[in-house]
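The chain below stands alone and is given in structure tokens; this is the form predicted alone.
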């Protein structure tokens, strides 16, 4: 209770970190639901890593070219990271989606190749920059330690745009995800709705990577949606429960990490994994009891 009291205090030093973590926890599952529905789990793995490569390039190249000076890096790095992450996320998801629609090659092979190349490229880029250790590796790993007001506003505004768009166009996005033939019959512009959905996913992924890192972003994209899918009766319940699970896990995970001095992101994902395992086991147990009870 003392830990909870400290975290909820208006004077809590890491309050912006709490807000950012909870925002990511609520927002990521909203787009993660569509990744699960469209069976794009591998894309959920690859996109955060590609986004992190955009962060690495945006941070390193301007400094190598002398455009960004080390003493000015703290004031510019977050904006550069946001631009690099967003450009790479949006470009990657549009290209991968285009190739998938054209049935070119093996989708799993493309996503796997994109993931591993992006991962090693990030490592190589940051390993050759002597300033990478000064907060940049923490940024890539998603160490939520200090988040200033400007970063919090940027994160909140970006995710608010995503949530608003999903709320306004939820029916159309579900239709093109569930039944494309019906969408075409009803005169819907399937390609335009696909592009909008991919843009929303890309924006969410880019913000999540900046806030919690690529691995943690993947956890928030998929695990809450998979957990809610075990017991949700319809799409509305799936979306709401997935978002609530992500938001609750991010806050509880932050409390646990603060109490026991653990990394916040990994604590969140482990908690999500435990919730998923317990829900799965509970569903199977309930099914077994119903079968044998009747």
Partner chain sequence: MSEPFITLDNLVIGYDSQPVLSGISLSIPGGSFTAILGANGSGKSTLLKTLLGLLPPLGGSIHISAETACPAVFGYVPQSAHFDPLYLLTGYDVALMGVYGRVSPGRPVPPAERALVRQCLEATGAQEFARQRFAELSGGQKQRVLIARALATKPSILVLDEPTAGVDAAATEALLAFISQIHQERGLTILLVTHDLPLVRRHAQQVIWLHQGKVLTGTAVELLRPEHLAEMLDIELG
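Residue numbers count along the first chain shown, from 1. Note that the structure is predicted; figures quoted are calculated from it, not measured.
Heads up, the form predicted in complex with the partner chain isn't pictured, but that's what we're talking about next.
Picking from 250-258, 49-57, 35-43, 264-272 the stretch near the partner chain in the predicted bound form, with a 4.5 Å limit on heavy atoms, gives 35-43. With the partner omitted here, the residue from 149, 185, 157, 127 that has a non-hydrogen atom within 4.5 angstroms of the partner chain in the predicted bound form is 185.
Taking non-hydrogen atoms only, residue 163 never approaches the partner chain to within 4.5 angstroms in the predicted bound form. Within this chain, residue 240 is remote from the site of the partner chain in the predicted bound form, having no heavy atom within 4.5 Å.
Using a 4.5 angstroms threshold between heavy atoms, residue 175 counts as touching the partner chain in the predicted bound form.
Proximity of residue 82 to the partner chain in the predicted bound form: non-hydrogen atoms within 4.5 Å are absent; the residue sits far from the partner. Within 4.5 angstroms of the partner chain in the predicted bound form, the stretch 204-241 places a non-hydrogen atom from each of 229, 232, 233, 234, 235, 238, taken in sequence order.
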